[in-house]
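Only one chain comes next, encoded as structure tokens, the form predicted alone.
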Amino acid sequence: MRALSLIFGAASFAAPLLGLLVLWVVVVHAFDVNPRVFPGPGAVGHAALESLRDGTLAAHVGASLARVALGTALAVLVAVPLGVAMGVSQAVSDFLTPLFRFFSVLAGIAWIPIATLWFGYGFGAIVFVIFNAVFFIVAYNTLLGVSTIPKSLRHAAASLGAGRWATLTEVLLPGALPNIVTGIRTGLGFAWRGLIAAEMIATNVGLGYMLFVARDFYRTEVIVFGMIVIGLLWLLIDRLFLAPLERATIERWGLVRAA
């Protein structure tokens, strides 16, 4: 029964994508679209095979994933403690909230120009952009998670002899974890967009760079293939890792019932 449910879910998820592919084929042939304006699936498939054969796809994907992973990890390591501090201290929250509101609208691609001045064109600048895209969202969600933990639970833990460390590791972090995971999932979506924009400007390898160079040579089939790769990578990361992690977290802490 579970296997049947998984198959049905996969089919439901793939159906709109297949429908989009069929529409693509029909429109390109029906209107005889110039390949330089928008290519057909055959040309995109040929570009895919070419990039697989010469190894460029693997290089671009590997570089992009490494930058996203490092930038996100650094953001989470800084944002979670800061979010907890804001959640337990009203003074810290009052002091930092205006700063968070100011910088949250600048997070991501707005930092690209100054990031290239600080770190040069390369790995550091892009990781910094990703860090900013993820940091504020994770910190805010951590604050929200800690703030929603009833104070009675904190007082109960203290009355049972829990010190600050025990309260942090056994009450605050577990209680805020569902919000933290949701923040990471949301932040990664913004990080992925910031990554592509930054790679168009600040590096010579990566999926964004692949799109940028293809534009200069009017290789629309490579541009469309790159867009497909970006979308599929995000779908795989979200569906195979982030969504199950978020689901497992909220099930673990009783926010929903396990299926």
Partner chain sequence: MREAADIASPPAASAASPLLAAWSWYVRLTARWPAVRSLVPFVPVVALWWIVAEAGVFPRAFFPSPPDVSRTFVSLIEKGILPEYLEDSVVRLLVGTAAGMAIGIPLGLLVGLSSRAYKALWPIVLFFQAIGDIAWLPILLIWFGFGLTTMTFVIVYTVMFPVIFNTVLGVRSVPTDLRRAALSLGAGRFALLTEVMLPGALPNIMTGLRNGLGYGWRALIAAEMIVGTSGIGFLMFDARRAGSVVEIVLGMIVLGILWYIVDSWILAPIERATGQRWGLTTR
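Residue numbers count along the first chain shown, from 1. This is a predicted model, so every value here is computed, not measured. For clarity, a rigid core is taken as the largest C-alpha set superposing within 1.5 Å between two forms.
A second form of this protein, the form predicted together with the partner chain, is not displayed here; the remarks below concern that form.
This chain is drawn without the partner chain; in the model of the complex, the residue among His46, Arg215, Arg53, His29 with a heavy atom within 4.5 Å of it is Arg215. This chain is displayed alone, yet in the model of the complex one of Ala166, Val105, Leu77, Leu153 has a heavy atom within 4.5 Å of the partner chain; that residue is Val105. In the model of the complex, every residue of the candidate spot (Leu20, Ile112 and Val224) has a heavy atom lying within 4.5 Å of the partner chain. In the model of the complex, none of the heavy atoms of Ala58 sits within 4.5 Å of a heavy atom of the partner chain. When the partner chain is considered in the model of the complex, Leu65 lies well away from it, no heavy atom lying within 4.5 Å.
The partner chain is not shown here, and in the model of the complex it never comes within 4.5 Å of any heavy atom of Leu240. In the model of the complex, the partner chain sits within 4.5 Å of a heavy atom of Leu144. Taking the partner chain as it sits in the model of the complex, the stretch 209-239 comes within 4.5 angstroms of it through a non-hydrogen atom at Leu211, Phe212, Arg215, Tyr218, Thr220, Ile223, Val224, Met227, Ile228, Ile230, Gly231, Trp234, Leu235.
With the core held fixed, the Cα of Leu173 is displaced between the shown form and the other one by less than 2 Å. The rigid-core alignment places the CA of Gly120 less than 2 Å apart between the shown form and the other one. Here Ala243 does not count as shifted, since its C-alpha moves by less than 2 Å between the shown form and the other one after the core is aligned.
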